[in-house]
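In the form predicted on its own, a lone chain appears below as structure tokens.
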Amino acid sequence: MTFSARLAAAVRLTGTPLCVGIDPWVDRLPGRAALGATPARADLADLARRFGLAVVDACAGQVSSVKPQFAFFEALGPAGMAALADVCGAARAADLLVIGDAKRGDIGSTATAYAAATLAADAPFPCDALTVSPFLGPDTLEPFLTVAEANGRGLFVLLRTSNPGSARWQAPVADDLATWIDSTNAARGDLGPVGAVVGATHRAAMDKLRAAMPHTWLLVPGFGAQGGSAADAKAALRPDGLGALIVSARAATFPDAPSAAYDADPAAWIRDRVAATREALAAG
């Protein structure tokens, strides 16, 4: 079964395009205060693992997918990477699709090695899709696509990211890159394996790119904490309700202020917040 088919089935089953980000910011993790002022990386990695597993527990059955942000785990060293592997494995075991947010990009054999780490059948950091950078040229995306398709997995190519400065270098190439992405998918059917990252914070660009890429899944950051509205994010959806995953990370997984209830049972707290985020997205 292709990545696109599995994603479409999961979105239909859960009834929402919401994807929950797993961003273990060390200063905001439940239980962080108990470690004191200068905790060891290994202890922080254990908190990151527990947090990631709590998010997985909270999201199972509520959303189609989760998006672990690799950087937060990598910053915690080997123990952090072991935690990432555990979280990715647990999410897939819970029937959640894993969108690995690693933004990889390189040439030839190096690109293949990055893909093997995340998209191969025996990947140590098992993901169903991976965010990738196209900056080095289309030939550098082919090794990722080869490994992804061989294993029923997908890619999300950085196209128009949610940060304020993205237009300077991304806007000039957006049309050409969007054409390459959508034509690659159209050659394979309807919604193909090569998605695109388009931020909810750039509504005009979103509208244009959605129209230009009818065969493409969009991964949509920027909803909630970064200022993108539900209406802006939902502009990424096709009329059939497919074609987009709308990401919420901070808003769905962290309280606005320290919370004893959050520290005591983060999975229960996050479960309630994810439900509320689903409702807000549906109503917006």
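Start at 1 with the first residue shown and count on from there. Everything quoted here is computed from the prediction, not taken from an experiment.
Only in words, not in the display: the form predicted in complex with a further copy of the same chain, which the text now covers.
The three residues 72, 124 and 176 all sit with a heavy atom within 4.5 Å of a further copy of the same chain in the model of the complex. Residue heavy atoms within 4.5 Å of a further copy of the same chain in the model of the complex occur in exactly one stretch of 205-213, 147-155, 95-103, 188-196, and that stretch is 95-103. Contact check for residue 77: a heavy atom falls within 4.5 Å of a further copy of the same chain in the model of the complex. With a 4.5 Å cutoff on heavy atoms, residue 226 counts as touching a further copy of the same chain in the model of the complex.
In the model of the complex, a further copy of the same chain lies farther than 4.5 Å from every heavy atom of residue 143. Although the partner is absent from this view, residue 32 stays clear of a further copy of the same chain in the model of the complex, with no non-hydrogen atom inside 4.5 angstroms. Taking a 4.5 Å heavy atom cutoff to a further copy of the same chain in the model of the complex, the contacting residues in 161-181 are 161, 162, 163, 164, 165, 166, 168, 169, 170, 172, 173, 176, 177, 180.
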